[in-house]
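One chain is shown next in C-alpha cells, namely the form predicted on its own.
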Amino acid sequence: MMNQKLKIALQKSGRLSADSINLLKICGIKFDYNSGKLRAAAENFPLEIFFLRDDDIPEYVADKVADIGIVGENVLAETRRCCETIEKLGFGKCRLSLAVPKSFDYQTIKNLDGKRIATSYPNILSECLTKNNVAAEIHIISGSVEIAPSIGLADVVCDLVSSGSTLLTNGLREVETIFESEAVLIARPNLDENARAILDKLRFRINAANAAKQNKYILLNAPDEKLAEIVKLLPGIKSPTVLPLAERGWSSVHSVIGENDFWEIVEQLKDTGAEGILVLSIDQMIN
C-alpha cells in the first residue's frame, strides 16, 4: 500500500486546463506535461495524472478509473454522474445563461414558451424549464451555440458566459442566469483509506495555495507614536509582528491582509504615517 498512487483526471485542453495544471504546480507537485500526453506520474507526490476531455472526467471518476478529478460544476451537473464534490477551487467561474436576439421582447422566462432553444446543456436547461412550467423545444448543439438564431436553427440560446463578449458579437443579449459554475475537485464513491489519506494531503496543499491567493504579505515602517493606530488597521492572522528599527522612534510592522481590502487599508496606513510600504504575494498560507 505504500506505493499506492491517487489517480486524478484533469482537462486536457480548454477553459480549466491551464489553471488545473498550475494548481498542482503551486502545490509543489512536479510532473512532466506537454499537450500530447494523456498520462503523467508526479515525481514527488503519490499522484498519477490523466489528461481527458472535460465531459469525460465525471464518467472516469464515477466509474473508478480515476479516484478524483477537477471539472466544472456545469459539466458535473449536466452529466449527472455519481461523484462526491470535495472542494470548490475558485477558478473557472462562469454562468449558464439564456440569451436572446436584441430584437426579442423578453420580460420573463415565460416568454420562452413554444420557442426553440439551442444549447449544449439539455439536462440543466430541461430542469430549469420544467421548474418554471415552460414548454420549449430544445435543440442540442455541441459547439458554436451562439450562431443558432442567426442561421434560423433556434430562437434563443442557452450557453456558458464569462465576459459576455461572444454573445454581443453575435447580436445576442443575456437575459437569465440558470446555473452558476466554477471548477470543483470531485472524488469517486467509496475511496479506500489509503486513497483518502493521500487526498487529504493534497487538499491540505490546495487549501494553503487558495488561502495564499486571497491574501498579501505587507511590510512597512511606522513611527512608534502611531504604532497602536497602525496595528489596529492590520489584524493579521493573529496580530502583526512589530520589530524595532535601527533608527530610534521607528518600528517595522509585518502582517497579512486580505486582497479584497488591500487598497483601502494601504490608503489608511499612508494617512496614519506609515512609510516604505512593501506588498508581497504569498505562495502558501498554512493556518
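When you see a residue number, it is the position in the sequence shown, counting from 1. In this text, all values refer to a predicted model and were calculated from it rather than measured experimentally.
Just so you know, the form predicted in complex with adenosine-5'-triphosphate (ATP) exists too; it's not on screen, but the next bit is about it.
Which one of these stretches, 129-137, 149-157, 86-94, 189-197, sits within 4.5 Å of adenosine-5'-triphosphate (ATP) in the predicted complex when only heavy atoms are counted? Selected range: 86-94.
Considering adenosine-5'-triphosphate (ATP) in the predicted complex, which of Ile141, Val175, Val161, Ile178 comes within 4.5 Å of it through any heavy atom? Selected option: Val161.
Interface membership of Asn74, adenosine-5'-triphosphate (ATP) in the predicted complex, 4.5 Å heavy atom rule: Yes, Asn74 sits close enough to adenosine-5'-triphosphate (ATP) in the predicted complex that at least one of its heavy atoms falls within 4.5 Å.
adenosine-5'-triphosphate (ATP) contact in the predicted complex: Lys37, any heavy atom under 4.5 Å: No.
Interface membership of Ala274, adenosine-5'-triphosphate (ATP) in the predicted complex, 4.5 Å heavy atom rule: Heavy-atom contact with adenosine-5'-triphosphate (ATP) at 4.5 Å: absent for Ala274.
Any of the heavy atoms of Ser20 lying within 4.5 Å of adenosine-5'-triphosphate (ATP) in the predicted complex? No, Ser20 sits far enough from adenosine-5'-triphosphate (ATP) in the predicted complex that none of its heavy atoms falls within 4.5 Å.
Residues from 8-23 in contact with adenosine-5'-triphosphate (ATP) (non-hydrogen atom within 4.5 Å) in the predicted complex: Going through 8-23 in order - heavy atoms within 4.5 Å of adenosine-5'-triphosphate (ATP) in the predicted complex - the hits are Gln11, Ser13, Gly14, Arg15, Leu16.
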